[in-house]
Ligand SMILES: C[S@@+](CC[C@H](N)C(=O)[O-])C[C@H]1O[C@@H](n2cnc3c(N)ncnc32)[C@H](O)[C@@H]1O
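A lone chain, given as structure tokens: the form predicted alone.
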Amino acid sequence: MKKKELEIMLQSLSGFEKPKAWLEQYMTPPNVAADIIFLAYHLRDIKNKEIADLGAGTGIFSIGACVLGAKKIKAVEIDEDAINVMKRNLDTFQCENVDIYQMSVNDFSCNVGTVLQNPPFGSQRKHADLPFLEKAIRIGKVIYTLHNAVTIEFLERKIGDLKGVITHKIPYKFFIPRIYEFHRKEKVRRELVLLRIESGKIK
């Protein structure tokens, strides 16, 4: 499968039907998700690996990992409405190797080879991304995680404190549509950075 084919596939997924502002629920743009998943695939972090998708939402990372040959995927999502949509998306692509865990990431404790995540940006709750980052480094050998670009210096210090090593930093720009009542603009541009991190579990 080519990256463009994966992107087109991911574009067909259903998004959040009842997005919740306090969870900062925004669907990762399919082109960005496809780019991240293909990078992970080419770095041998997807095929035949056990994957955790933290804050899985409607399943875009889980499904991308599934179609590219992940061994097992653990999709962690706290919101029941998002899970209901995720289940339909998983059925559409016959992703039977995805187990859904309805819980906070704080309560998830399974060790995996790779973590994929697009955590909350911290717009509603300051540092809302940190529990995701800390959990990912604790359970995963390799982590792919998206964050606000302006926080990169803070994140680098935090990751160092957690004994993680950043191997890749890739900037992204994408627009978040107006989906909440407090949004004043039709679209808001986000400057993000993808971090690939190797945890202390790497030998």
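Since we're looking at a predicted model, the values are computed, not measured. One-based numbering along the sequence shown.
Although not depicted, the form predicted together with this ligand is the subject of the following passage.
Candidate stretches 66-74, 152-160, 134-142, 47-55 - the one whose heavy atoms come within 4.5 Å of this ligand in the predicted bound form: Single hit among the candidates: 47-55.
In the predicted bound form, the residue from 92, 97, 104, 84 that sits within 4.5 Å of this ligand by heavy atoms: Result of the distance check: 104.
Contact of residue 32 with this ligand in the predicted bound form (heavy atom, 4.5 Å): No, no contact at 4.5 Å.
Contact label in the predicted bound form: residue 40 to this ligand, heavy atom within 4.5 Å: Heavy-atom contact with this ligand at 4.5 Å: absent for residue 40.
Residue contact check: residue 110 to this ligand in the predicted bound form, 4.5 Å heavy atom: Judged by the heavy-atom cut-off of 4.5 Å, residue 110 is well away from this ligand in the predicted bound form.
Contact flag, residue 129 vs this ligand in the predicted bound form, heavy atom cut 4.5 Å: Residue-level check for residue 129: no, no contact with this ligand.
Residues in 77-102 with any heavy atom within 4.5 Å of this ligand in the predicted bound form: The stretch touches the partner through 77, 78, 79.
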